[in-house]
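What follows is a single chain, given as structure tokens, in the form predicted on its own.
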Amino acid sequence: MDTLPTIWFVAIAVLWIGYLLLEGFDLGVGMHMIFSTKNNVQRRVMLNSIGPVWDGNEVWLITAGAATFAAFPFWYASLFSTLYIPLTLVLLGLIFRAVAIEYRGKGATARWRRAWDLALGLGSLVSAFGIGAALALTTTGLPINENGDRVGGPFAWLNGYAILGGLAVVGFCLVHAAAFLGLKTEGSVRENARRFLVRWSPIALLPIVGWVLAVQFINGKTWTWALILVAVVAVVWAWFSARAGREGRAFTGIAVFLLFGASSIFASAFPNVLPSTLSPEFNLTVSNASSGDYTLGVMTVVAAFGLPLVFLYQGWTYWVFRKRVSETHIPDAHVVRAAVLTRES
């Protein structure tokens, strides 16, 4: 048995689930800022709810990509070269998000703020859709040959599974963000988030349910149905909790839904890391796509010391900023003066 490659396949699955769990509500809050608010103060409440943690959450994406590169270089090379266009769009979306968060407060006009709100929302939407498409394709397959090279043009990756995966992550992020805003805010933002969660989550989560079932029917095992069953129970519990105004339970239920739903996807795909739609003989697996035992052994030792530190640091961050944000905490907007004065000023 390929023990070390299997361990690192599980580790990469954990990193992706951790990324969707933490960055998922960041991306969703960005999208909610386009349509779920009525005034600038409400948007600032939303932005302040993710302000202390959004950049730390993106570490999980970088770590997942770096771990894939080091542990499974053939998987990384085939996936990133085949999905060059959508992953470039993801990168641009993440850049727009970061710049929007930094620059939104640098101007005092409503037009300035609204422009950066759109940049934040659209950047979040593109990023979520692209990441969902990439993850869906790595579990359902891409047109790669025996060398792991793409067969077809630059849009050979574009199919129904890519769109389904993109919609799945976008829908999940919107629901996850509503649960997070219900837990972290007070006042009208909290009420709007709870109302969205109750009214729209049954529809918004349909694509991710479709993705889970599609992978299950393609490669699933009998025991992975148990993971899906737990996910279904969790999301139903979350919906009833949201309806009863129990935000903590609703957020926990959505998190458990993601944990078990995504686990069923990775478990169903195993041992494939990137199936080929041309022939099963061309599939990349944990055996033929992994690095050598020496590399994986060194990575395991480094991860054994490094990952606990990351968990502790992020846990401490969330504990420090655990209180709710309300409109009374938001100071009046003011003009930010340039650090370097011009001759005329």
Partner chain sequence: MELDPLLIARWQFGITTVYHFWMVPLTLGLGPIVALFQTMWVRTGKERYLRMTKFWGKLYLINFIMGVATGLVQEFQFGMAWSEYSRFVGDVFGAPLAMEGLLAFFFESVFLGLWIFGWDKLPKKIHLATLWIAVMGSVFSAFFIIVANSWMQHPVGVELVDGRPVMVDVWAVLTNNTALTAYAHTIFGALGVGGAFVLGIAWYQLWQRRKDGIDTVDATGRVIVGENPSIPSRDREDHAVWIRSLRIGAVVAVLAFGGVALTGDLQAKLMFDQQPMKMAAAEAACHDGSAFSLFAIGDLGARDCSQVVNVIEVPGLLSFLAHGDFDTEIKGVNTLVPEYQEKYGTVDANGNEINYVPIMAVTYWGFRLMITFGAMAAFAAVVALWLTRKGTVPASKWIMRLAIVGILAPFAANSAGWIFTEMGRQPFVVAPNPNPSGVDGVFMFTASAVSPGVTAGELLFSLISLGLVYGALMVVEIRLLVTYVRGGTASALPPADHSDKPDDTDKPDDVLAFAY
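These figures come from a predicted structure and were not determined experimentally. Numbering follows the first chain given and starts at 1.
Below: the form predicted together with its partner chain, not depicted.
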property: Partner-facing stretch of 216 to 224, 242 to 250, 89 to 97, 263 to 271, counted where any non-hydrogen atom is within 4.5 angstroms of its partner chain in the predicted bound form; result: 89 to 97
property: Ser78, Ser201, Thr139, Thr185 - the one with a heavy atom within 4.5 Å of its partner chain in the predicted bound form; result: Ser78
property: Candidate site Leu21, Ala234 and Phe282: all three near its partner chain in the predicted bound form by heavy atom within 4.5 Å; result: no
property: Proximity of Glu102 to its partner chain in the predicted bound form, heavy atoms at 4.5 Å; result: yes
property: Ser291, heavy atom within 4.5 angstroms of its partner chain in the predicted bound form; result: yes
property: Partner proximity in the predicted bound form: Ile330 to its partner chain, non-hydrogen atom cutoff 4.5 Å; result: yes
property: In the predicted bound form, Lys106 touching its partner chain (heavy atom, 4.5 Å); result: yes
property: Contact set, 54 to 69 vs its partner chain in the predicted bound form - heavy atom within 4.5 angstroms; result: Trp54, Asp55, Gly56, Glu58, Val59, Trp60, Leu61, Ile62, Thr63, Gly65, Ala66, Ala67, Phe69
